[in-house]
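As structure tokens, one chain now follows by itself in the form predicted on its own.
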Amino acid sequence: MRAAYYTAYGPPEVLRIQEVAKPTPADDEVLVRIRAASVAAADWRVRKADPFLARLFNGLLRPKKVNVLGFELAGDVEAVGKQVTRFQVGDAVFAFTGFGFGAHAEYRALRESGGKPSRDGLVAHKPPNLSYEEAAGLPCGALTAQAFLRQAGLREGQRLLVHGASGSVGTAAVQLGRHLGAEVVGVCSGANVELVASLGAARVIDYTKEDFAETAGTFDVVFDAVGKTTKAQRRSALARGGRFVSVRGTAKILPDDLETIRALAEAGALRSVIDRRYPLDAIVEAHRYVEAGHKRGNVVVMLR
């Protein structure tokens, strides 16, 4: 099968499209023929070993554990292991691959259920109202946003500030916050104000014109969805007893979380925002664009 493969840390050009072995599903796995995947920030950071600690995960001198990147995908089940009961051949699915990555390829084998989501990933039936491209851009951002908002204990009637509201995690956080009944305020650049408002934000702050710290002591939860601020810097924006959470920290993804995301998407309460689409052969250009740090929502890689 064709895959975007890399054997050295570095710029986007270290990625090469080449033939690699097609996976064979284990008894508890499904084999997915991938139609679409995404390029996330985690992909370029692991590719570039930025931060340096990424080398402790994937190999000190060169990538050994992961040679095919890609955190999320959508496609069709091509084969199932003999213990699989939730899926059958031909089912349209979408998935979070966990830290096994591997979505930038024509096929990926995934455990049907069980295990640890961060390690083994999660797979669910694709919402029928989403295209493969839309579904491929949903799991990573939505699962991350859901986990951090749960950790923060966000409840109906509270005020939520989402810093970085136009990215993959941020666009999901705005929608999930609104679904939970919170009053959501998004922070983004002026070019993305209209987008964030369309996702359900009650107010959108253009950070190039206004310092959201001026709204002192008004938010029950401040969520840094891009990892560019700290609790110390945003303490003044928190109400008494308010909580600050950031993607720089850790939050636990639960085994049923992708099913929750599927149900919300199918009900129209959660949608995927797609900025650009690239064919697999243009994976270098896709990585270069995402690494520049200006994407809106998700960048999708299409496989046919």
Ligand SMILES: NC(=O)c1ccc[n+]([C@@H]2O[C@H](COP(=O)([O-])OP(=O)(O)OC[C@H]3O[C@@H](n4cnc5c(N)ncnc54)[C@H](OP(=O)(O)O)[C@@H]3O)[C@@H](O)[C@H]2O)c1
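It should be emphasised that the depicted structure is a prediction, and the values quoted were computed from it without experimental measurement. The numbering used is simple: start at 1 and walk along the sequence shown.
Beyond what is shown, the protein has a form predicted together with this ligand; the following relates to that form.
Asks: Is this ligand in the predicted bound form near all of C140, H163 and G293, within 4.5 Å of a heavy atom of each?
Replies: Judged in the predicted bound form, C140, H163 and G293 all sit within 4.5 Å of this ligand.
Asks: Report the stretch among 262 to 270, 23 to 31, 40 to 48, 59 to 67 that approaches this ligand in the predicted bound form to within 4.5 Å, counting heavy atoms only.
Replies: The contacting stretch is 40 to 48.
Asks: Indicate whether this ligand has at least one heavy atom within 4.5 Å of a heavy atom of G167 in the predicted bound form.
Replies: Yes, contact at 4.5 Å.
Asks: Heavy atom to heavy atom, is V226 within 4.5 Å of this ligand in the predicted bound form?
Replies: Taking the distances in the predicted bound form, the answer for V226 is yes, it comes within 4.5 Å of this ligand.
Asks: Contact with this ligand in the predicted bound form for T144, defined as at least one heavy atom pair within 4.5 Å: yes or no?
Replies: Yes.
Asks: F148 near this ligand in the predicted bound form, any heavy atom under 4.5 Å?
Replies: Flag for F148 set to yes.
Asks: Since exactly one of A54, I274, V247, L238 fits, which has a heavy atom within 4.5 Å of this ligand in the predicted bound form?
Replies: Looking at A54, I274, V247, L238 one by one, just V247 meets the 4.5 Å heavy-atom criterion.
Asks: N129, S198, T230, S189: which sits within 4.5 Å of this ligand in the predicted bound form by any heavy atom?
Replies: For this set of options, the contacting one is S189.
Asks: Going by heavy atoms, what in 85 to 107 lies within 4.5 angstroms of this ligand in the predicted bound form?
Replies: Result: empty, none.
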